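A lone chain, given as structure tokens: the form predicted alone.
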Amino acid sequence: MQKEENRNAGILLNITGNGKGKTTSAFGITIRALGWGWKVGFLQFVKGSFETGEKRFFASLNHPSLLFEQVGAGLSWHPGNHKAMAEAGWKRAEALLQDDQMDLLVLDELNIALHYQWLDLDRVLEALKNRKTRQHVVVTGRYAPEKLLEVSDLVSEVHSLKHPYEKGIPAIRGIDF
């Protein structure tokens, strides 16, 4: 039985690991939250302006309770000012963490931005700690920092046992992006 004082508190979820499905899991949570009438923000810290199925879908959906933005410079191994883009994206995230109307905020691939030190971990932890009380946050990406895992309420680690890339099969539109 859930304690009364915790019933309205938002939780911090972290979905990490080297396997496929971290962002996909966050999309499932997003769809579930939208189904309950929640206002959801979804910020992608690595995708940049890369065309993806989710970007196309959410743009066509034009759902009034969903904010979907790609705030990164693209894949980490591609050229670009990743640090500056992550910083601008984090400023956006900080504003949404204080938005009274935002029920769920997904920070997709934030773990990657923290791993490459494009963002200051202590600043991120402070903002997450001081977010609106009822707001839920999902963080995804490989390489989740230990300090972030420690303060997370739920941690799921996705492991890869086998991947088509290992056989030389490139990313597939509709499956991988």
Ligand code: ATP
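Numbering starts at 1 and follows the sequence shown. The structure displayed is predicted, hence computed values, not measured ones.
As for the form predicted in complex with the named molecule, it is not shown, yet the points below apply to it.
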- Stretch in contact in the predicted bound form with the named molecule, which is absent here, among 22-30, 115-123, 148-156, 55-63 (heavy atoms within 4.5 Å): 22-30
- Task: Determine whether any heavy atom of R142 comes within 4.5 Å of a heavy atom of the named molecule in the predicted bound form, and answer yes or no.
- Result: yes
- What residues in 145-167 sit within 4.5 Å of the named molecule in the predicted bound form, counting heavy atoms only? S160, H163, Y165
